[in-house]
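One chain follows as structure tokens, the form predicted alone.
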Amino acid sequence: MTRILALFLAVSLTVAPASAVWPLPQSFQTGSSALRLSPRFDIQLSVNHASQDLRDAVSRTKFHLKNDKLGRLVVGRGSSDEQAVASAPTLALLTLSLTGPGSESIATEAQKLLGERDEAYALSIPSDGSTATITANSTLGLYRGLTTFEQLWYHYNGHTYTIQAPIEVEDFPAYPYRGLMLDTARNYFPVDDIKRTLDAMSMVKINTFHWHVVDSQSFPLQIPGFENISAAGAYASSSVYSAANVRDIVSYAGARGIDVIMEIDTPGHTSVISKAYPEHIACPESTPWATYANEPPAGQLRFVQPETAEFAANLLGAAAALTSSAYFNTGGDELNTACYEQDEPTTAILNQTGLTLYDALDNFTATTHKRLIDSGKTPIVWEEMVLNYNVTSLSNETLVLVWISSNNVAAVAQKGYKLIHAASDYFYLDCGAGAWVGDFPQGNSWCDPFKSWQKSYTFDPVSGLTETEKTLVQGGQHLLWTEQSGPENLDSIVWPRAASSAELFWSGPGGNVSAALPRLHNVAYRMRTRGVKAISLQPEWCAIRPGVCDLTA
């Protein structure tokens, strides 16, 4: 009977779909041997002058390995592994070493221009308990390797173990930009909620936090020299992000390999500025709001005025100085022309100068973007600036977010701009929750239906593009507009759905949904061990029986 049980265990270890790694590495070779972490397991840095954030990352990894205590997602939650694990070799040491020339901090590496970041790493775990290794050209690569290492281990009956040794990984991202956008203007999110989101992002190698920090509804950002806007435009004196808060968030993100790209949308979505600077805002809170804006309240920068362009340049420059990113997002979406048609100062200037509204927008953009470029920032804009308004003053390095429809990607690429996928038909997390506007009982969200993780996972980033145009794709992101979201449902609406684009843009397209689902279950379960309230994707009965709940099973 013992021999039969041993044979059963050997076979089950060979065929068990135990991998929990997300995103899937470019090369991932595993065996079928059990290996335990030693009670004295340690991580050694073979890095000259290792940065403090790398040392801190090592400490966090050791903490997670000790405290995750995630049971393997199979029937019995790992009980079938117990005999093999009890007699398995133990791993006592993981070493990290750089193969490149320098040792910059993780944050410094993460905040470089997209084309200058190096996130590649190699991971080796022998099956006999001899030293495991992570090697990379950069500290950022070492950090990505640590993230993968953490995902390889399960816990049962006092043992932290894998049943896939030996393990060999060679990994690098398919695209340099993998993001998540959070809108903190429709509803305010405390700093701790943002930090928890950054922790979850780092678990799946998302490397960009697109922070849509202000909008027409509220202005929670305290910008040095412009504090009167947040004083008048935040929801409450406690619902603000001070310069110190921003530095804290940028530092926290950078230490986790995440670049914080701030957005102040201009010239639209700026109504709240009228509370402090009414002279710069056209049609402030005009009604009916649906005539003058896509959302209430109406109000847009009176950008045809040279003094307003200078004001906006100063505002954006001061905000950009708060971040360490090489990028800054100036928005440019949903410009409402009816607002300007009834604004007397705007029409007077256009009549006097002979400029069209879009001529003036081009001049405004030239002024504001020059200020950013002179300060070392590369601008990012929404697609209308290229496709609708034909702004010709954009630099060739400008990044363009394609959001209205994935069908617009080719048109942006044909104009030669580098682009980021953010299409509402694949990546909007707020879709499908019904209408949020009042007195509209039959209403639905404008971007119905709900966008499942499967929908975004199956997106093709280069569909319809020529070989040259494909090189313009920098990556993509999920987005959460927060008309119906706040701190109370942040985790559940984002996770683990947003992990789908993390793998899409790290591993590349073409992943199999059925094969991905068991690994995504692991993402959600592990997130919950770390305090991120990711939702369940299926009943647990299905989660511990991979494939059994497929429609064709």
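Numbers follow the displayed sequence, beginning with 1. Bear in mind the structure is a predicted one, so any value in this text is a computation, not a measurement.
Another form, the form predicted in complex with a further copy of the same chain, is not on view; read the next lines as being about it.
When contacts are defined as a non-hydrogen atom within 4.5 Å, none of 79, 152 and 166 contacts a further copy of the same chain in the model of the complex.
Stretch 482-490 is the answer when you ask which of 482-490, 499-507, 60-68, 32-40 has residues with heavy atoms within 4.5 Å of a further copy of the same chain in the model of the complex. Within 4.5 Å of any heavy atom of a further copy of the same chain in the model of the complex lies no heavy atom of residue 519. Although the partner is absent here, residue 344 lies well away from a further copy of the same chain in the model of the complex, with no heavy atom inside 4.5 Å.
For the chain shown alone, residue 285 is a contact residue for a further copy of the same chain in the model of the complex, at least one non-hydrogen atom being within 4.5 angstroms. Interface membership of residue 464, defined by any non-hydrogen atom within 4.5 Å of a further copy of the same chain in the model of the complex, is ruled out. Only one of 297, 89, 317, 176 lies close to a further copy of the same chain in the model of the complex, with a heavy atom inside 4.5 Å, and it is 297. Proximity to a further copy of the same chain in the model of the complex, taken as a non-hydrogen atom within 4.5 angstroms, holds for one residue of 100, 306, 278, 434, which is 434.
For the partner-free chain shown, 432, 433, 434, 435, 436, 437, 438, 439, 440, 441, 442, 450, 452, 454, 455, 458 of 428-461 come within 4.5 angstroms of a further copy of the same chain in the model of the complex, judged by any non-hydrogen atom.
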